[in-house]
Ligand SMILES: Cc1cc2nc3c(=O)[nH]c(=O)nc-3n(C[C@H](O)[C@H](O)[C@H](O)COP(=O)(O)OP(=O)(O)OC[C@H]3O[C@@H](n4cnc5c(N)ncnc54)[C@H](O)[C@@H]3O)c2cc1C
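We begin with a single chain expressed as structure tokens, specifically the form predicted on its own.
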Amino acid sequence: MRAPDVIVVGGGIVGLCCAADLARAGARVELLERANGVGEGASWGNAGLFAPSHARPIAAPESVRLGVRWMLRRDAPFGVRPRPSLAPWLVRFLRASTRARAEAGELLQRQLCMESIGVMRELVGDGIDVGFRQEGCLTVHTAADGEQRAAAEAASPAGVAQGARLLSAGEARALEPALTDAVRAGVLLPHEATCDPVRFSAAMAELGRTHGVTVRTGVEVHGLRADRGGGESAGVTVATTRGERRAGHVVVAAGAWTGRLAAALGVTLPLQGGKGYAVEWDLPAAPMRLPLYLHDERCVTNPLGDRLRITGGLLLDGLDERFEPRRTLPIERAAANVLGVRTRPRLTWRGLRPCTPDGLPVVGAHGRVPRAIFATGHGMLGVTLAPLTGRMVAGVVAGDPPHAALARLSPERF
């Protein structure tokens, strides 16, 4: 097999977008995925929202407060499974969870989200069919003080920036008749968009293949080795369960596992797997029009063609992939309380989102290994930021003028 120009490690939506953009720019690309298909990890169970409203990093003062409050709840929507190896990550997380850093991170990520939506619209204009719709998202409040919280959300700088519109309970139900009387108020975010994440992964894989990407599944990468020194012949050797492969550049987009591969190159990437859950129902059991954010239940709902998907939960749990049935119960209760869903779900799922301690993605090369580009740490914004990440990574490999955000997303910040 002819050596590729670039090897992309990881066949999630971020890796797929990177591979497609690199190939469209003229590179010979080989994508390696350890699973038997692409888009089968956290990308599969994503809610499918392009959500600037979710741009606030997890590293924020309110996350610390809620984490302490929910620490003893086994079904809490946000939690940490304490263990010694988590301590260094938590120290970085606490240092990053200041008001000033959270607001700066939120502003940056909101800008990136809007830019990524623009890239997604270009892809759709080129014929990519992913079920993309930009019809807005409705946040609903069910707590006793829901009206006040909704008003504060709509009037906040983030709400104003996104053109948020405050809705009464009746107005919210007029937009989404599936809502029950539990809803006290709503906030319409008109610029949010959605897609079907499963179709998105499949479409980007096909786009990549169309432009020459070789996709190899069932191939696990267990080591990376960069040549010392620079020069035209420098490159990276990728050790896999199917032998070694070599390329001029490697893009490491292996989600929560990227930190282990980075360590082989002498690069520290403090990543934790943020375990999230998804539950699906047949759409006739829960007919819906709009994607929703259930604020007080910390769940996101999205009608995806013939099915309704609700996602929720973030448990910082390392790389533990165990399924815990009790973690889906709050999602099912939310479906019953807010949407009146009474039937049993057709499937449940869990996956690991890659989370950095400052809540921002890692995109770019490290000075120690300039031929290795990292694309990970997107947390709950993997689908939202994947189109832009692919374009940014292709620019790094091509040596284009760097995107303005790369300095803040650099792996060297750790």
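Computed from a predicted model, the values in this text were never measured in an experiment. Just count from 1 along the sequence shown to find any residue number.
Unshown form predicted together with this ligand; subsequent notes refer to it.
With a 4.5 Å cutoff on heavy atoms, G255 counts as touching this ligand in the model of the complex.
Heavy atoms of V393 never reach within 4.5 Å of this ligand in the model of the complex, leaving it off the interface. Shown alone here, P361 lies farther than 4.5 Å from this ligand in the model of the complex, counting heavy atoms only. Taking the partner from the other structure, this ligand in the model of the complex has a heavy atom within 4.5 Å of a heavy atom of Y277. The candidate site formed by H141, P291 and L339 is entirely out of contact with this ligand in the model of the complex, as no residue has a non-hydrogen atom within 4.5 angstroms of it. Note that among 60-68, 361-369, 346-354, 22-30, the stretch whose heavy atoms approach this ligand to within 4.5 Å in the model of the complex is 346-354. Proximity to this ligand in the model of the complex, defined as a heavy atom within 4.5 Å, singles out one entry of L112, L308, A262, V221, which is V221. Taking this ligand as it sits in the model of the complex, the stretch 10-33 comes within 4.5 angstroms of it through a non-hydrogen atom at G10, G11, G12, I13, V14, G15, L32, E33.
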